[in-house]
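Here's a solo chain for you in structure tokens, the form predicted on its own.
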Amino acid sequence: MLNTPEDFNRALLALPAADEEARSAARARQATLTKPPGSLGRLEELAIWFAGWHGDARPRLDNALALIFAGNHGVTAQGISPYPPEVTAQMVANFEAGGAAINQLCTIAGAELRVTALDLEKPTGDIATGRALSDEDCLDALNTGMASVEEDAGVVLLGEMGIGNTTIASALAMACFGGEAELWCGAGTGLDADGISHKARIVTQAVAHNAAATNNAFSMLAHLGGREQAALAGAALAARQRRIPVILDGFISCAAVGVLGWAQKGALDHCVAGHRSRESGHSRLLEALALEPIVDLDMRLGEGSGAAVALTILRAALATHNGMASFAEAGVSDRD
């Protein structure tokens, strides 16, 4: 549990590494399987990555856990979304009733879905004119995210819901990785060109207003983030501490967790990007974080949908890695 902002920042300096012995053994196994080397492409890389974090050259993927965190944002008062904040709670109810896209995708991907609504009746502060969260509120959200990661989870998928949170993601990305706001701001839930320009002005104002205070990971989340962003960061931290692999969703999840990567080199080594969102800033953010998306399907829904689709690909990677015969086992001649 994190009791102070310093606890969070210090935790980023003491992150465990992957098991290199398991990773090397998995790589060696790939070289013996009945296929030309590298012929399964990214599937081979994913299996080796997963083996390293599980500490097993032939790991199983049990207990996939999809976590969605939902929050509301004071910046919506600036007219940066075509939808009202009430939609956040309405969509949470839809998740809980099983009616959203993520419910269907988790079913076919074999993931248990957990949805956590974070004080929806209490929007954050407006980042255009002040800070988003008090230190206490930010710590509460971080701890909620950390507590959501079960110790026996085999993989964690991270998604979110929150009207206005593409604006939050744009502000975090800009503050961490630079560039003009126009490079980070997209349509979100359906803004037109004028709406995107207005959004960029608000993001520029927010980053400038909070610039003096955003000099470490905690302060970045507290000043420019939101409750769901802090919870996502907390979940990613807890997963790393337990060496649990993570599949990130789109722009918002990557921006929230990207604060860890900005603050500490290697902090996201246990993470893969589930997909490339159509939200315009996501490709730039993936490049900044050195993350290669597993799928690119022109999606921009959020709510963990891209991560759930990517889970099916990870399952394919492990099925081939664990189930294929070696050349010796199959009686097939290997290369000279």
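Because the structure is predicted, anything quoted here is derived from the model rather than measured. Residue numbers here begin at 1 and follow the sequence given.
As for the form predicted together with a further copy of the same chain, it is not shown, yet the points below apply to it.
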In the predicted bound form, the residue from 278, 27, 58, 284 that sits within 4.5 Å of a further copy of the same chain by heavy atoms: 278
Residue (of 291, 64, 294, 48) lying close to a further copy of the same chain in the predicted bound form, criterion heavy atoms within 4.5 Å: 294
Residue 216: touches a further copy of the same chain in the predicted bound form, heavy atom cutoff 4.5 angstroms: no
Partner contact for residue 54 in the predicted bound form: a further copy of the same chain, 4.5 angstroms, heavy atom: no
Proximity of residue 87 to a further copy of the same chain in the predicted bound form, heavy atoms at 4.5 Å: yes
4.5 Å heavy atom contact, residue 300 to a further copy of the same chain in the predicted bound form: yes
Per-stretch contact check against a further copy of the same chain in the predicted bound form, the hit in 151-159, 252-260, 124-132, 76-84 (non-hydrogen atom, 4.5 angstroms): 76-84
Within 33-65, the residues that have a heavy atom no more than 4.5 Å from a further copy of the same chain in the predicted bound form: 34, 35, 36, 37, 38, 39, 40, 41, 42, 43
